[in-house]
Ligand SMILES: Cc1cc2nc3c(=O)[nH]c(=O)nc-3n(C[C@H](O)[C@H](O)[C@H](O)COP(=O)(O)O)c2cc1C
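Only one chain comes next, encoded as structure tokens, the form predicted on its own.
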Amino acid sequence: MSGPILPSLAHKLLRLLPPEDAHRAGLRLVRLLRPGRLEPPEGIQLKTWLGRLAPPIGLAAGFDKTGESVAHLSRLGFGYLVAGSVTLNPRPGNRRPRIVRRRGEALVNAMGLPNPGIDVFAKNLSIGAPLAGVPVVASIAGADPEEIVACYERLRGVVAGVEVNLSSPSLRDAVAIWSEERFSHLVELLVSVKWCPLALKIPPLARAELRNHVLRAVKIWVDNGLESITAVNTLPVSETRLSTGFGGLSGRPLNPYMLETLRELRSLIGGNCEINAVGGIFSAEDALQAFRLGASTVQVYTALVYRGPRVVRQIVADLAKILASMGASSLEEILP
């Protein structure tokens, strides 16, 4: 399956399955792909919180929830991979249906953070991460600071970085999670045991009751010298087809919320912290817009679902064409 025809055909067939079944089958099919490692043009790289990445395009959290597939997913051309989110103890997630497609290249999920627990997850990554050939980041989540820090400690030496996910719609009592006192306690604990670069994943700044809490937390994160912000997680929406009646919206419709959050973050933190942009990145033009608003990396997920396994290679190829048309030899030349 090294040529373009069979992966494209398989992707079309997967679209006929229910979303969760298609995802599971897709992960199995990725193991059969042998596309060869992507060697992006020299200019398609940036210095980031994970070192110099070529390309500065990552797989967002949620695609590989168990950490079992990172070595295979790296073949799709990513510059880095985020696995998880994982919690301290195993979680089965919500009952089905828990993910649906929407028009306009969108998904709504209420997965409920299904994962095997930190011990199995760390074991899986200890095997797969060294084989990936690119930095692997673990996404961790939890109901309280102590649980999150326990997950972080368990991953010591296993991954290149850790993304702290406090923004999943599956986490209850979001206002309490983002409260200044609780968040400051989390940051204090993380700083006291810090062993690798850390990113904080935040929600879109669309919920009035959360907005000020999140921006205050970002300031605390940056003031403590932590490296990165990942913006944004999914947008909570109503969805009657899901067992929960609501879920998190991702894909094309999330893009404007992500861009607005990037603008807010750059206004708040300047250049004192790096940003990973995620939300509706489907094309080179989408990626370039995020880079120009201050992102040092972009992440994709829903684009992989709708555009297939060659989407990262297409974005890289098109970025190279855009640079050439501008007379630039590297991304760094055209960024602020």
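Nothing here was measured: the structure is a model prediction, and the numbers come from that model. In this text, residue numbers run from 1 along the sequence as written.
Note that the form predicted together with the named molecule isn't included here; everything after this is about it.
Engineer: Just one of Ile44, Ala60, Cys273, Ala284 has a heavy atom within 4.5 Å of the named molecule in the model of the complex. Which one?
Structural biologist: By the 4.5 Å criterion, the partner-contacting residue is Ala60.
Engineer: Exactly one of Pro135, Gly251, Pro236, Gly128 has a non-hydrogen atom within 4.5 Å of the named molecule in the model of the complex; which residue is it?
Structural biologist: Of the listed residues, the single hit is Gly251.
Engineer: Counting only non-hydrogen atoms, which stretch in 66 to 74, 287 to 295, 274 to 282, 47 to 55 is within 4.5 Å of the named molecule in the model of the complex?
Structural biologist: Of the stretches listed, the one contacting the partner is 274 to 282.
Engineer: Indicate whether Asn165 is a 4.5 Å heavy atom neighbour of the named molecule in the model of the complex.
Structural biologist: Output for Asn165 is yes: heavy atoms within 4.5 Å of the named molecule.
Engineer: Looking at the partner-bound form in the model of the complex, is Leu107 within 4.5 Å of the named molecule by any heavy atom?
Structural biologist: The answer is yes: Leu107 has a heavy atom within 4.5 Å of the named molecule.
Engineer: Just to confirm, Gly142 within 4.5 Å of the named molecule in the model of the complex by heavy atoms?
Structural biologist: No - in the model of the complex, heavy atoms of Gly142 and the named molecule never come within 4.5 Å of each other.
Engineer: Just to confirm, Ser85 within 4.5 Å of the named molecule in the model of the complex by heavy atoms?
Structural biologist: Yes.
Engineer: Note that the named molecule is not shown here; using its position in the model of the complex, name the residues of 197 to 225 with a heavy atom within 4.5 Å of it, in sequence order.
Structural biologist: Contacting residue: only Lys201.
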